[in-house]
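First, one chain by itself: the form predicted alone, in structure tokens.
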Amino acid sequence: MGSVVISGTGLFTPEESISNEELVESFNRYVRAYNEDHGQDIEAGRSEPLQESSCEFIEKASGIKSRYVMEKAGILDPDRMCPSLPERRDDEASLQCEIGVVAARKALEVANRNSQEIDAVIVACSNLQRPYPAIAVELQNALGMPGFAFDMNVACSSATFGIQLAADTIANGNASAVLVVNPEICSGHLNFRDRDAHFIFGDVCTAIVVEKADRASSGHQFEILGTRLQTAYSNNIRNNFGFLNRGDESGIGTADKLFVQQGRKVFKEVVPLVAQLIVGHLEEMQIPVGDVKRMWLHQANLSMNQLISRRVLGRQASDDESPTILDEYANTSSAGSIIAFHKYHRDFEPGDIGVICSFGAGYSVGSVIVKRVT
């Protein structure tokens, strides 16, 4: 796969941000109102009181300090607690297409490419706002790109899975350049009334240009040395929202139609899975761990990333070796590792090696080993 490079990345960041302090204040107002409204049932032991959240709890549990969102007023309204995102007419650009265009154009500019030079578009993300027509085809049309486009979903690993698919498509001769776009509007599926999860996600969009090395003209090219993917079925991260919900009205609006996870189980099971995959992938490529300058890991949980990097390196990683962006962005699902790469790659010299790795629901894990070539 040495003839394929990542030649450009782009990032769309929403204008609005929510601090932990703002989120906690809103959540605790909701909790106090709920406990007051259900006071008699709580006093009689028929229901349990809700617990308030705190900034200290959030930072200790995740390392998150803030998150960008498409719309904050609806999220912070204790009577609503979800973003206010009005539906658009069918002849208007979808929200995911709109933010995808911004990130894509930035990635194309870095790659020194125009839209006519892209042969395929892959929209890879954890949630799609509709099943069809594909957001990728809409995005392809908005950018005026030839070729083909399609959507794919492997939850938080969607970007790395998309990069492998793009690289394979190019290596097989079916395209010369592929655009992978990750429009993550995670606030739409987050339960902001769940104390254990209300702080986890943020919104963002990333884009990656993958192309044949012999045609790339970017000043920052990273050769894709190899990719490895792995999945293992688990119910510990789940979202049951779907088109069959209307077949059982009793489940409509219940908590399982939003993001649900058993965090402790996820931590215990995913950490060894990810560390073993990275170590095995490096061994397969005959790359000593000591030759890896940086790991751009999925940005879900600071403690999880610290433990994964420790198991890979055999010691605690420095901030430079495993950079963190989740303190500002929170968990942005598939986009997290790409944000980290986008922000922390320009200090690489030709020959420097790094690993882009994502992991999440499924379970799914994706590893992409790259080397700076220009």
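We number the residues from 1 along the sequence you see. Everything quoted here is computed from the prediction, not taken from an experiment.
The form predicted together with a small molecule exists for this protein as well; it is not shown, and the discussion that follows is about that form.
**Student:** Just to be sure I understand the contacts: of Ala33, Ala61, Leu307, Ile42, which is the one whose heavy atoms reach within 4.5 angstroms of the small molecule in the predicted bound form?
**Tutor:** It is Ala61 that has a heavy atom within 4.5 Å of the partner.
**Student:** So which of Val178, Ala103, Ile200, Ala216 reaches within 4.5 angstroms of the small molecule in the predicted bound form, heavy atom to heavy atom?
**Tutor:** Exactly one listed residue reaches within 4.5 Å, namely Ile200.
**Student:** For Glu328, is any heavy atom within 4.5 Å of the small molecule in the predicted bound form, or not?
**Tutor:** Although the small molecule is absent here, Glu328 would stay clear of it in the predicted bound form, with no heavy atoms inside 4.5 Å.
**Student:** I'd like to check something about Arg89: if you look in the predicted bound form, is any of its heavy atoms closer than or equal to 4.5 Å to a heavy atom of the small molecule?
**Tutor:** No.
**Student:** Look up in the predicted bound form whether Cys125 has a non-hydrogen atom within 4.5 angstroms of the small molecule, and give yes or no.
**Tutor:** Result no; Cys125 lies far from the small molecule in the predicted bound form.
**Student:** Any of the heavy atoms of Ile237 lying within 4.5 Å of the small molecule in the predicted bound form?
**Tutor:** Answer yes; at least one heavy atom of Ile237 falls within 4.5 Å of the small molecule in the predicted bound form.
**Student:** Can you check 221-229, 68-76, 266-274, 129-137 and let me know which stretch has heavy atoms within 4.5 Å of the small molecule in the predicted bound form?
**Tutor:** In the other structure, the partner sits against 266-274.
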